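Okay, so here's just one chain, in C-alpha cells, the form predicted on its own.
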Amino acid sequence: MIELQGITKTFRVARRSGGMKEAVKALFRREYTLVQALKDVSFTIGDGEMVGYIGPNGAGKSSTIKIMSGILTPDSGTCVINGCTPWKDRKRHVKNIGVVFGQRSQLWWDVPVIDSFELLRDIYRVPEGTYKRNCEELCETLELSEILRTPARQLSLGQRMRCEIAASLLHDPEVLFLDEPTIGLDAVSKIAVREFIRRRNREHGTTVILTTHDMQDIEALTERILLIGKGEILLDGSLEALRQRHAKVRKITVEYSSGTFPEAAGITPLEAAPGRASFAVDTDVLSVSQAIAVLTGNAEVTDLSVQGASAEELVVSLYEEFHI
C-alpha cells in the first residue's frame, strides 16, 4: 500500500543574467528563486495496482517518484509505502522497491552487464538461489542472454533499457517505479517491455507506478491515471471514465461503392476520396448508431469503422480543461 498525504516540496534555484559581468557578480552574491515543485500532493495506491502518473514537463512527476523512492525529503507531509517512510527507513524501504529512470542508468558503464547484476545482488544481499532464479527468468523473458557479457556503453538504447528493467527486479521488489521506461525505444522494443511489465504484474502482483509522455504506454498498461499539473493532483480516475467524459466525438470512416451522404446535424465531413469518406460525429447530438443509419441510408457501404478519441487526444483535452 502506498499512501501520500499533504506532500510539499520546494527547491531553491539560482538565477542570473547572461554575460561576464553577471557571472562575476554571481561569485559574490547569488540570486535565488523558490520553485514549489509539489503542493499538498495526496493519493493512495493499492497493492498490485498499475497506475499511470501523467502531466506536462515540470509538473512534479519525477519529484514525486524521488520522494517515494527515498531520494528526496519533502518539506512537509507524510508518505508511507508498505509500512516504511522512504527517507527515514531507506535501507528497509529500498529492499522492497525497484526504480527505472529512462534517462539515468544503474548499470556500470564500462563493465559487462552481468557484473552490474552481481554487484546489485551483493548490494541488496539477495540470496544466491533467489538471484539465480530471478536472473534466469529475467534474461529469458527480456532476451538478455546474448548481451550479458557486453559492457553497458556498447549496448543500444533498447538493449540497455531491458537490462535496466531486469536490474531493478533482481531483488523481487513489491513496488516498481518506472520513469519514462520506453523513452527512445523502437516499436518492437516498446511492445516487448510493455508485455513484460504486464506479465510481471499479473504473475508476481507487483505494484507499478508509471510516469511517461508516451500515452500508448499508459493505454497499454494502466487502468487508472493520476494527473498532476503545477505541483498539484488535478485528477484521479480510470482511463475509461475519462473516455466517457471527454470523448464526445467519434470518427466514422466509410468505404463505399456508390451513393451519396446527406448533410445532418451532428455529422461533420472530415475528408473524402473516391470510394472512401470520414466523418466526425458529435454524440451529444446524434448517437453512433443513428449516425451510421444516416450515412448508410443512401450509399452502398462495403466497410465501416468507428474510432474514439486516442489517449493523446484525451490528455490534450485534460490539459486544456485544467489550463496546464
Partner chain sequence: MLYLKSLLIHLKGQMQYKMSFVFLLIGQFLTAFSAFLTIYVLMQRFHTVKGFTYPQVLLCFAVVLLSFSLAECFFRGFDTFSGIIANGQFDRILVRPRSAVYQVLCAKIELTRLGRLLQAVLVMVYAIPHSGVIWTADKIGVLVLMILGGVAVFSALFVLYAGICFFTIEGLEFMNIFTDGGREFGSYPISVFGESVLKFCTYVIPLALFQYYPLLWLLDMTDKVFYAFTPLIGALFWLPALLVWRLGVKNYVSTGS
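Numbering follows the first chain given and starts at 1. Here the structure is a predicted model, which is why all the values come from computation and not from measurement.
What follows is about the form predicted together with its partner chain, which we do not show.
- Every residue in the set T73, Q103 and L120 has a non-hydrogen atom no more than 4.5 Å from its partner chain in the predicted bound form.
- Taking the partner from elsewhere, R153 is found to have a heavy atom lying within 4.5 Å of its partner chain in the predicted bound form.
- Contact check for E146: no non-hydrogen atom falls within 4.5 Å of its partner chain in the predicted bound form.
- Taking non-hydrogen atoms only, D179 approaches its partner chain to within 4.5 angstroms in the predicted bound form.
- Interface residue remark: I233 is not counted as part of the site for its partner chain in the predicted bound form, having no heavy atom within 4.5 Å.
- Heavy atoms within 4.5 Å of its partner chain in the predicted bound form are found in exactly one of 251-259, 42-50, 58-66, 264-272, that being 58-66.
- Just one of V111, V80, I191, L239 comes within 4.5 Å of its partner chain in the predicted bound form, counting any heavy atom, and that one is V111.
- Contact with its partner chain in the predicted bound form, judged by any heavy atom within 4.5 Å, is made by just one of V208, L185, L170, V94: V94.
- Using a 4.5 Å cut-off on any heavy atom, none of the residues of 279-295 reaches its partner chain in the predicted bound form.
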